[in-house]
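Next comes just one chain, in structure tokens: the form predicted on its own.
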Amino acid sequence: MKNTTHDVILIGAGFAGLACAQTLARQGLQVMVQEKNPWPGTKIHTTGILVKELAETWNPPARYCNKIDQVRLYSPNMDYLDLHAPDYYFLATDTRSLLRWHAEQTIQSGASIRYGSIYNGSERQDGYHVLARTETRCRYLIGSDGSRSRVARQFALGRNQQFLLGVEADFQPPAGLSPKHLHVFLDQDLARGYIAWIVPGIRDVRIGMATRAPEPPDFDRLLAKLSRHWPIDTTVKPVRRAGLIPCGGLVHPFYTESVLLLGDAAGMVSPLTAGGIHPAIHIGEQAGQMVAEHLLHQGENPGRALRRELPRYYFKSSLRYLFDHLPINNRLYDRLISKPYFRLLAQTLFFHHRGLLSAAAWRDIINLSLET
């Protein structure tokens, strides 16, 4: 007979939900993940770049990863500077395959995943959350169901209010484009409020951009600009991926007595860089430990415990505010690209996920200052 009673049900089989489910299952809890899509990786809403800090602790399969250890940052007129840090790198991933591997690891840990199942709400009965139109129930409910979370809406939790609008597609690697660099483009006329990018992947390159909502990204205009510098084959129209990227920081509140939000649903995304996979995995695992402690040993409320451990992003939130409100234009970017202090700032943002709060970042800034 199919088990209908679980300790924890997670809504959404993204990186955060799966990381949390694995941790919970390994503690011996009965865990189910409910996912609306029919298969892992059906819809991808991330470029799939892993930072070194995550790559070395998570150990994703090498066959799904392309190592990149340099960033090439372009001004609007296409001048550029090359950035690197000793022993630092990124992994550009086959994101769909990586997510499927992540799901397989979750099942092997003892959790179950129910695909093609939409969350239609739940009711509280006798200390359990009972999923609508089913007999499936749980003691604890986790919403890892994306930036427009249904769980957040039902339980009157905080909801994301600020977004970037992203779009991306895969192309054949164009001749003359360095495969050793993550290519990042500053252009306030084209990608206002954020950036455009080219990421060398496993077999192709990913070209994408994001803009500050509600301004829609003009992807065709981006391709036209890039095609003046590299022979990008646009004769075959690629399938485009698009989605909302939260950039307003942690939502409030993000938990109740028996409900918790994770990942994009909770706004657990860097407000400046929009990096989400690293916090998704790291915080997802932390949340799993805290929920397990709560259920197994009557530990404190997991949301309250987790809140003390979450990154504050003070520096990146401040830069996000300045990025949105200062009158930055393309002429300014064209002038800044050659300035040593701009290099130091860019170096810090790309190679240290904790920004200016990182001691390692300050060591690199001092070393680069001495070199220049």
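When you see a residue number, it is the position in the sequence shown, counting from 1. Everything quoted here is computed from the prediction, not taken from an experiment.
Keep in mind that the form predicted together with a small molecule is missing from the display, and what follows is about it.
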For this session: Name the single residue among 75, 97, 122, 117 that comes within 4.5 Å of the small molecule in the predicted bound form, judging by heavy atoms.
Result: 117
Exercise. Looking at 200, 193, 275, 238, which is the one with a non-hydrogen atom within 4.5 Å of the small molecule in the predicted bound form?
Worked result: 275
Problem set entry | Contact label in the predicted bound form: residue 45 to the small molecule, heavy atom within 4.5 Å | yes
Problem set entry | Touches the small molecule in the predicted bound form: residue 217 (any heavy atom, 4.5 Å) | no
Exercise. Is there a non-hydrogen atom of residue 49 within 4.5 angstroms of a non-hydrogen atom of the small molecule in the predicted bound form?
Worked result: yes
Problem set entry | the small molecule contact in the predicted bound form: residue 146, any heavy atom under 4.5 Å | yes
Exercise. In terms of non-hydrogen atoms within 4.5 angstroms, which of the given stretches 124 to 132, 80 to 88, 284 to 292, 242 to 250 touches the small molecule in the predicted bound form?
Worked result: 242 to 250
